[in-house]
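Considered here are two forms of the same protein chain, supplied as structure tokens in two stand-alone entries, structure 1 and structure 2.
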Structure 1
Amino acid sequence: MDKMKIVFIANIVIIIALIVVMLSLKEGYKEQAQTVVRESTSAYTAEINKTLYAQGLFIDEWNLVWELVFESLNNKDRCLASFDKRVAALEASYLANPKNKAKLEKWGLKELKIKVDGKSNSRTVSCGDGCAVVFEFAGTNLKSVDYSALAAVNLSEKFKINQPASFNFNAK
């Protein structure tokens, strides 16, 4: 009977020790999981915000370039000097809109410029990586506009957001 009491007491002590160990490990695992989730979520949120910033900036520039193409093709005054004035007028009208100004301030920018490279008889307007619109002038009048690169931009591919990485709870 004494041996049974000793075995019984030893079992109770072992069970209590295991419960204490289990509860202490549970807190550590919970804290580790919360840390991993917090870090992974903040990294993914930062990636999304960076993509949204680039997308918003590109779309505003893209819209200005489309407006420039439309106005250049449909305006009666199609001379080179008129084109340069149109560029400045589009930039000024963009900045005149309070919503656009607030958006630029949020992005940390003071203005949004149309990127124009000029030669004597042509103007090339950049609209991102590998995208340019070429305005050709014959003398001083607009001869042609090549906006095929602008029309071929695939925004969903350009600003694709990948799935978040799976949680790795073994990380330290």
Structure 2
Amino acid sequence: MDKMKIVFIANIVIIIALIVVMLSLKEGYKEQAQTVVRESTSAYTAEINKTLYAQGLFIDEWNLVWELVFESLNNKDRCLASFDKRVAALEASYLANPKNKAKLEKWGLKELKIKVDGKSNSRTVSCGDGCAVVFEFAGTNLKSVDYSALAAVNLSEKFKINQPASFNFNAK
């Protein structure tokens, strides 16, 4: 067999091998592409949902605290015991709304509690990082409410959506 024939036969073998390699890699790449797009996209969607849930939860808490402040200032019954009852009533009223119940379920919560730190003649209601409303009582009657932190809440840095991460074909 002359050299030319050997080169030709060897080359045919290489061509067949390359076709086999190409076809098998093609399936692998296709599967990898579909998987990585699906997983990366849903990871980003989950990240967005996390922010939306946190924002939704914060807003419901924030609204409840404002309602508590407003009712405490406007109700003729300004005693401490009534304040504590009002907190419980607002929580119960929130829970009684089916729309709120559905939201709580989505957030993985059973109820929404107003975070109250009680002292003998004051109540501090927390509404997130660095935000607190202080209810001062003189004797048992409401003397003053400091809601300046609640009114100054600015969520633009607290809740924002980050740009999606750069695409990584080899992401696990």
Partner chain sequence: MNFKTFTILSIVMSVVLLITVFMQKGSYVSQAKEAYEKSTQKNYSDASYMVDAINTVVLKNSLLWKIACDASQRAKNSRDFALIEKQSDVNKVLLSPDTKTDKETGYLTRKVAWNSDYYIVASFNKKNSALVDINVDALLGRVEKSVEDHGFSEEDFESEEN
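Please read all numbers here as calculations on a predicted model, not as lab measurements. FYI, numbering is relative to structure 1, first residue = 1. Take the two forms, superpose them, and find the largest set of C-alpha atoms that agree within 1.5 Å; that set is the rigid core.
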Of structures 1 and 2, which one represents the form predicted on its own? 1
Do you see a C-alpha shift of 2 Å or more at Asn121 between the two structures, with the core held fixed? no
Aligned on the rigid core, do the two forms place the Cα of Lys110 2 Å or more apart, comparing between the two structures? no
Yes/no, Leu52 Cα shift of 2 Å or more between the two structures with rigid core fixed: no
Shift in Å of the C-alpha at Gln163 between the two structures after core superposition: 3.1
Once the rigid core is superposed, tell me how far the Cα of Ile16 moves between the two structures, in Å to one decimal. 14.8
